[in-house]
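Form predicted on its own, single chain, as C-alpha cells, below.
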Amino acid sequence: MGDIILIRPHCRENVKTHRLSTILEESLKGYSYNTISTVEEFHSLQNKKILFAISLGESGINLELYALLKKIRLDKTCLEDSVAGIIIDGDSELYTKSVAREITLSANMSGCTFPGRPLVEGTKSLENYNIIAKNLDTDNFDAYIQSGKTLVRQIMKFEPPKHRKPKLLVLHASSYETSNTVNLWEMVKEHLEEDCEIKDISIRNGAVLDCIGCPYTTCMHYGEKNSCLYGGVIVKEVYPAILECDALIMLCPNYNDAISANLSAFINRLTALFRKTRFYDKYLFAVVISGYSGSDIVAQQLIAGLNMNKTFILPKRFTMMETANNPKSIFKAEGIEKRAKDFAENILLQLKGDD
C-alpha cells in the first residue's frame, strides 16, 4: 500500500484530463500512491491518507464520481478515521466548489476528516489564482501546482490536536424559547459540560453588521489589532472567544436553505481576524435543523465558509442534522436523545482522544 490513496474517478473526456495529470504528477512527487479510478475498485479505506482528484468537463459532471459518491454515502464507515483533501480541475468557471462541497460532506459523514483549507481547484481560466500567483511572484499555472504540493504535504503531516479540557465556543442567533436548534444543542451539551469549558454567545437581534468589503489595506490594518472597522459584538466578544477556543460549534437553523443572516455576517466578518490569524488548529462542529429539508445545503455552506476558506479542521461527522418544524417538536423525534449523546461523544473523541 502506498503513502496515499489517490481517488481519481475515470473521466470520459480524456482530452480534458491532461492538466490534472500534470498537477498530480508534480503534487505527488516523493510519495508512493495507489489509484482508484472506478467504483468497482473502491473498497473500505479506513485510517488512510486520501487525495480526491476530480476532472470535470464543461458540464461539471463526472459520472464515475457520482457512482463513487453513492457508495460512500451508503457505507457510513467506509472512510473511518481517514484524512483527505481534494483537487478539482474544471473546464469552465463553474461547479468546482459545489462539487467539492458535495464530496467533502459525503466523505465526512462516512468518517473522514479534512484539515483546514483541503481544496485546491482550477477553473478553466485559472483566474482564481490571480492573487496567489502575485503573492508567489509566479504565473497562475505554477501557483496551481504549488497549491497542490502544499495540500498533499498538509494531508500527509496532519495530526489532529488533542486537549485535556477542550474549550468550546457556541455561536447562535436563535431564541432559547422557540428554537429547536438551541433545544437540541442543550441535549448535546448535557453530555459535554463535565469534560469541556463551554462559552455561549448569541448574536441575535441585528447585533451584527455584515462585511461590506473594505479595501485590503483597511481590513489588514484592523486585523493586525484583532479588530474590524465595524466593531460591535463581533470584535468585543466573538473575536477574543475565537482566539481562545479549541472548537467552534455553530447552531444553524435552516432559513430558506441558507444559514441565518447574522451567522453569515459572522463568517464574512471573520476575514479581518483571519488576516492575522489562521485557524488550522481549531475544530468546526455544527447542529443544523431544517423545518422541512435541506440540512445538507446548510452544512455545505459551513464547510465552504469555515473549513475550505477559513481553515478550521472538519472532524469526522462534524454535524448533527435533524428535521423539526413546530417549536419544541425536536423533543418528539424518535431516538433523538441517543443521537444527541452519540454526537456529544464524537465531539469528545475528536477533541480529547481515547484517554
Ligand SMILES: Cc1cc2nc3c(=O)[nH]c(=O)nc-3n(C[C@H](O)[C@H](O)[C@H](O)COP(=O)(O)O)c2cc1C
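Residue numbers here begin at 1 and follow the sequence given. In this text the structure is predicted, and so the values were computed from the model without any measurement.
If you look for the form predicted in complex with the named molecule, you will not find it shown, but the lines that follow are about it.
Report task. Within 4.5 Å of the named molecule in the predicted complex, counting heavy atoms only, one of 43-51, 27-35, 66-74, 324-332 shows up; tell me which. Result -> Heavy-atom contact with the partner occurs in 324-332.
Query raised in the report: So in the predicted complex, does Ser290 come within 4.5 Å of the named molecule, heavy atom to heavy atom?
Result: So Ser290 counts as contacting the named molecule.
Query raised in the report: Can Gly116 be called a contact residue for the named molecule in the predicted complex at 4.5 Å between heavy atoms?
Result: Taking the distances in the predicted complex, the answer for Gly116 is no, it never comes within 4.5 Å of the named molecule.
Query - Touches the named molecule in the predicted complex: Asn108 (any heavy atom, 4.5 Å) - result: Outside the cut-off, so no.
Requested in this report: Considering only heavy atoms, tell me if Thr96 and the named molecule come within 4.5 Å of each other in the predicted complex.
Outcome: No, no contact at 4.5 Å.
Report task. Scan Asp200, Asp142, Asp257, Glu186 and let me know which has any heavy atom within 4.5 Å of the named molecule in the predicted complex. Result -> Residue within 4.5 Å of the partner: Asp257.
Query - Stretch 168-201 - residues with a heavy atom within 4.5 Å of the named molecule in the predicted complex - result: Heavy-atom contacts to the named molecule in the predicted complex: Thr178, Ser179, Asn180, Thr181.
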